[in-house]
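We've got the same protein chain twice here, in two forms, each standing alone as structure tokens: structure 1 and structure 2.
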Structure 1
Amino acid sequence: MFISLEDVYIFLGIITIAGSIYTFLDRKNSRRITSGLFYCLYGVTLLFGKVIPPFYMGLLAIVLVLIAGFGGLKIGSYNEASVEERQNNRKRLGNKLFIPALLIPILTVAGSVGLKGVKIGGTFVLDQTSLTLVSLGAAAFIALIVGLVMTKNKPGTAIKESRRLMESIGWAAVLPQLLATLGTVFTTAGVGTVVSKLVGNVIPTHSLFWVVFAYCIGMALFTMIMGNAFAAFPVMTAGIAVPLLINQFGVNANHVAAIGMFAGYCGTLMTPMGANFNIVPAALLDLKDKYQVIKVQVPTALIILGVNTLLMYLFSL
């Protein structure tokens, strides 16, 4: 293929490492060495993920955790454009500013739909196994070129601006990947089977309603622990839905699965473990309270969880 997911990671690594150079040189940041080291090493893990052996990768991840965990990260200074500058630029470019911004979703969709299975000279244009991600990478790159031409800014400005955004996200950028590692350890240590046994022991198995209730709430709770409904689904379904709902009550597997998965998504909306959905955006939007996105989502999540439980029960009658 012409563009693979690894190529996108290489681009990520380069912009992150290039940004860290500005951090190392940022005299106004009292922790510029440790902060710079954090972003530089993170860039290294992105850039060389394929070549670094897993054990050393694990050590690198732990170094990142130690730097961030013991206060090594400080926000720097960015020579940001003043409000006046931004207003002047805005008037200069006006609605044209939307073009590169909208190019990202448009080209991502175009790539993931239009370049599916497309080959030139016998090779796929884009990596077919992770088409959406590669399309997003290519789309953002094209949008960047268009943006640079349009604004007549230098590429270095884009790196500096990307560093500004990256540092405002800070440690939260690494959290989703780290949580995925925790999920792996939980799975190999058998946390899932313990949880589904616990839930299985508590519920009255002769009542259809309480089995449905236990399955839906269990999906949500276990998803909150793992941060991911996909990890919760096999465990809870094998533990509760298959033996009790499907085998004992003879309920149809299709709606149990569809609604059970949604019950899990309700859990995702309520947990800091779903960091890429809940914590990263809070950092990205400069929210003071990193849990505010979760707080806003909880009422909707609880109502829909109730709706899911009721729907699954009614459809199972």
Structure 2
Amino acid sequence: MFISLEDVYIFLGIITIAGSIYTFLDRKNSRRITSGLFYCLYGVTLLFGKVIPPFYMGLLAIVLVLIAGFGGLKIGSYNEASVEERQNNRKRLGNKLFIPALLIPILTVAGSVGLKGVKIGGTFVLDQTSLTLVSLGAAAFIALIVGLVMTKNKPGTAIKESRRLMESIGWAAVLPQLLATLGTVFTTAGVGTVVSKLVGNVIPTHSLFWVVFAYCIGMALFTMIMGNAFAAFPVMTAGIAVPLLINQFGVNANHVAAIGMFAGYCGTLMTPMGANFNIVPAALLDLKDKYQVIKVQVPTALIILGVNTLLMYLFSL
């Protein structure tokens, strides 16, 4: 393929490492060395993750945890534009500011649907095994270029802003990868088998509705515990989806995976364990109640969870 998932990770790694250089050089940050090392190593895992042996990747993960755990991270200084400058830019660009942001979902959907199976000279345009993710990465890159052209900024501005956002998120930026890995560890350890036996003792496994209900609600609850649907997915899928929904009832695996993840995301909206989604925004917005974001999201999350459960059941009939 012309653009693979590995290309997306390489792009992210380059941006992250480039941002860490600014952190190393930020003399106003009293912990610029440890902060810069954290983001540099994180970028290395993205850039060279395919070639670094698992053992050494594990060591890098431990170093990241130690740096964050011992308070090695601190937000730096960014020489941001003044309020007046930002207001002038808003007036100059107006609603055009939304174009880069809207391009990302539009191009992601267009790539996922329109470039499925498309080849040029016998070569796939996008990686067909991870079509949606690669489409998202390509869409983000295109939106970045459009944003730079519109605002007449230099590429360095994008790196600086990426660094600012990354440092605002802090250690929580690595949570998705760590939790996804933890989910794989749980699955290998047999947690999925335990879940399957537990479900078999609680619900009638001959009923499609109750199996769907257990899977969707289980995805949400386990996500609330783990903090990320990526961690819950391998466990719940190995314990309920594969043996019952797919093998027993013959439900389409794509429907199970897509809607199951949506159900898990509902759990993400309702837990402080999803720090990068719920706690970090509260900190960025200077909210007095750090759980305010979660409280606002709970009603919506419950409604969407109910809709996802109903959709999966209807698609499974």
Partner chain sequence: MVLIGVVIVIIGFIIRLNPLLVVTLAGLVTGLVAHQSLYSIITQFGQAFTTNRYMAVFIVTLPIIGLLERNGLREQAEHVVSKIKAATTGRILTVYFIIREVAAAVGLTSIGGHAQMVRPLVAPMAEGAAEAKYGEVPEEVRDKIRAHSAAVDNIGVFFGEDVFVAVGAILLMQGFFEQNHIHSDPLKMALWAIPTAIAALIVHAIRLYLLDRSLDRTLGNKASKNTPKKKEA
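In this text, rigid core is short for the largest set of C-alphas that superpose within 1.5 Å between two forms. All figures in this text were calculated on a predicted structure; none of them were measured in a lab. Start at 1 and count along the sequence of structure 1; that gives the residue numbers used here.
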Which of these two chains, shown alone, is the form predicted on its own?
-> 2
Two rigid segments pivot between the two structures; hinge position among 177, 193, 268, 93 reads 193
For the two-rigid-part motion between the two structures, write down the angle in ° by which the smaller part turns against the larger.
-> 31
Quick one: how many Å does the C-alpha of residue 189 shift between the two structures once the rigid core is superposed?
-> 3.4
What's the distance in angstrom the Cα of residue 261 travels between the two structures, core superposed?
-> 9.0
